[in-house]
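There is one chain below, alone, in structure tokens, taken in the form predicted on its own.
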Amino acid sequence: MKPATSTKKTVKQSDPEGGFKVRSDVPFMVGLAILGGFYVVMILLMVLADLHFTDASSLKETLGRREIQHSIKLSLISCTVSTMLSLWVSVPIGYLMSRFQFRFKAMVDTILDIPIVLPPLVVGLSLLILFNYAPFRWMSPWVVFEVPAVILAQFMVACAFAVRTMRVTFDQIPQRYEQVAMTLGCNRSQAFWKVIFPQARRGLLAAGTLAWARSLGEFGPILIFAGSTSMRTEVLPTSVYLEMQSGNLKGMLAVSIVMIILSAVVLLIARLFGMQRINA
């Protein structure tokens, strides 16, 4: 009768004491730092190049022009309004797509991603054509090539990113929380506002920040649907375009720096606000 063999495998070690020798993580970490750091350095170098090429006098001269001041004001207002609209829409859509199963859900999910994958110019062209049909045609004189067109163009693209962010946020919140709330006497609406929504505040902040930043950088749909009329529908991205068309390179870079500063300030405030909420 053969003796039972042990299932325990012996591993040959180069260590004379027979212990397991862990290899160094240094090559792995260096590789990660090189691959990831390259992209970070490229972004930083682009910003520094803009700052180095633009002098203070050209920046002051550009910011002192009435057209640029109107562009900055309109950009701040339109981005804020489009962000509020995006959050107003993305919260219910994200919650429905996260919590419920229904027919044609995959089709709805695909439709929600269309503004993300479409070229921005196509989004603006589609809006322009849409307002040639009733009932949108009746509102066309007050929307197309007017300030509402700027907000609508920003909203159509920014809201898609906000919806995706809010859906991921609700997916990360266990359904058990609202189920427990409903067993304790809450209906679904009360469970949402008292249990789920407070936990989604970080996702709401991320969605709002992403929507605002996306609205600020939107150019294609605004150019097609709202135009680039100075002192009327001109926002910062179209200001860059108009400065380039006139051959004013320093003015174009000055407006670009304003956009960079605005984006950095918004992202910084959002992160600091989020950290305070978390610590609280």
Partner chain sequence: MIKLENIRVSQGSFQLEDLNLEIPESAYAALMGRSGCGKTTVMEIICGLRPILSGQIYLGNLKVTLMKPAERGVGYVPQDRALFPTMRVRHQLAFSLQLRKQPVEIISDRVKELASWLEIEHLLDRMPEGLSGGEAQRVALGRAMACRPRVLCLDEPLSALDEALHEEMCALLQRIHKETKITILHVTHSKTEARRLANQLWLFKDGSVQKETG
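Numbering follows the first chain given and starts at 1. All values reported here derive from a predicted model rather than from experimental measurement.
Unshown form predicted together with its partner chain; subsequent notes refer to it.
Checking M84, L121, V147, V180 against its partner chain in the predicted bound form, a heavy atom within 4.5 Å turns up for just one residue: V180.
This chain lacks the partner; the member of Q172, Q199, T80, S98 within 4.5 angstroms of its partner chain in the predicted bound form by a non-hydrogen atom is Q199. Only one segment in the set 68-76, 182-190, 204-212, 127-135 has any non-hydrogen atom within 4.5 angstroms of its partner chain in the predicted bound form, and it is 182-190. At a distance threshold of 4.5 angstroms between non-hydrogen atoms, R103 is out of contact with its partner chain in the predicted bound form.
At a distance threshold of 4.5 angstroms between non-hydrogen atoms, L152 is out of contact with its partner chain in the predicted bound form. Put simply, V143 is far from its partner chain in the predicted bound form: not one heavy atom of it is within 4.5 Å. Of the heavy atoms in V195, some are within 4.5 Å of its partner chain in the predicted bound form.
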